[in-house]
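One chain follows as structure tokens, the form predicted alone.
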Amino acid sequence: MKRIAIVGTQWGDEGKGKIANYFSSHFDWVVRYSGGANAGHTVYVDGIPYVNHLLPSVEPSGHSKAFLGSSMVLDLEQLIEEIKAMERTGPGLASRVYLDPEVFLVLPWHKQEDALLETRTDKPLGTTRRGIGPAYTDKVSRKGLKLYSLFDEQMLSEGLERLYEEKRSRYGEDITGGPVQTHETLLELREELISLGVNFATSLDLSEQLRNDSILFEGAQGVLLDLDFGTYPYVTSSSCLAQVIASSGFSVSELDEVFGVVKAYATRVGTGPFPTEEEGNVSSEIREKGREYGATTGRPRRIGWLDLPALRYACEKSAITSLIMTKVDVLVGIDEIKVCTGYRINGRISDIPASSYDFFKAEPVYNSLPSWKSTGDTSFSRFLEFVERTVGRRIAYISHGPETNQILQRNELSKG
């Protein structure tokens, strides 16, 4: 496989970072193609946890290069913090990081606006307050700044003046830090990136090299948080589908495989519909065993059973060819495993939502399956076969622990 994409199939937090890290040593490039610092993944390497929100899942001491694509919104302070943390284990990592100058900037005012929007409404969306929604809003409204403006000080100054006036006219003195101060801060961040050895290049600049190299495309969040097809308005502000890699200057037609990452159960952070949500002792047990707390916010994740109608929906919307199941070890010892096989909507049962509206009205229909003690149990194999048969996708890999190397190919199960 020369070019693959890794996509979340649920509401994010499926373990995409670990999966991307597992594959990354076999690829020349790891491309992050959407989202911003509202995404977060924890990767364990030799027992050491790395929590990244912007950096793709490259190994600190590996050879793979990281490319942050133009469809992202970039918080420079956060990025520098992550690079420095990774440099402590893998000196020289910064020289393997490439930023597309077309990427859009998240400014301090975007974060302030994000918090104001959440606190001024009776029905907050439960955002991470990282400024992602306001940044994407400004991008679409053609009001913000791209990374290349840092290398044109007149463009930077004029852009900041315009944006500051617009924010102040809307929010008044709640917007702090004037354009001069922000200008100086951004130039300092630019110089710090340069001193670290970070590269600035578009996909066109690298086209000849990329044409011959292998590429792993790493998505953010999950299909059910997609702006167009997720549980709107309780979604992120960008696309979470594999197809959006085209917006970062790459060809979707060249993909050899699209892997969908799915937990053996389901989780969700924040508000919004969650058909298979479970409350009580079993949800608390799964949350603690699975360490189900947001990597970005630290908020406890809502817990639910594996939702196969939602999984089928994600596979269809994001052109997923194979699945990778994570957290199978968390369900060890759970007496009864429930799996949602259909939705009852207005008295009719459906095996796949027709639109995102159905998630708001769905009443789950469950099958109960026996638990397992290890990946070698017959009951675990039957669980996998049941999922594959119902969803119509093969499960190619299974993750059975937090470490990057705790991943099995399907044909290795008998050895587990």
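Being a predicted model, the structure only gives us computed values, none of them experimental. All residue numbers are counted from 1 along the displayed sequence.
A second form of this protein, the form predicted in complex with ligand GDP, is not displayed here; the remarks below concern that form.
Proximity to ligand GDP in the model of the complex, taken as a non-hydrogen atom within 4.5 angstroms, holds for one residue of Val330, Leu196, Leu189, Leu255, which is Val330. Contact between Gly69 and ligand GDP in the model of the complex is not found at the 4.5 Å heavy atom cutoff.
Taking the partner from the other structure, ligand GDP in the model of the complex has no heavy atom within 4.5 Å of any heavy atom of Thr390. Ligand GDP in the model of the complex is not approached by Lys65, whose heavy atoms all lie more than 4.5 angstroms from it. For Thr276, no non-hydrogen atom is located within 4.5 Å of ligand GDP in the model of the complex, even though that partner is not displayed. The stretch from 321 to 329, 337 to 345, 174 to 182, 204 to 212 that comes within 4.5 Å of ligand GDP in the model of the complex, counting heavy atoms only, is 321 to 329.
Using a 4.5 Å cut-off on any heavy atom, the residues of 372 to 408 that reach ligand GDP in the model of the complex are, in sequence order, Ser399, His400, Gly401, Pro402.
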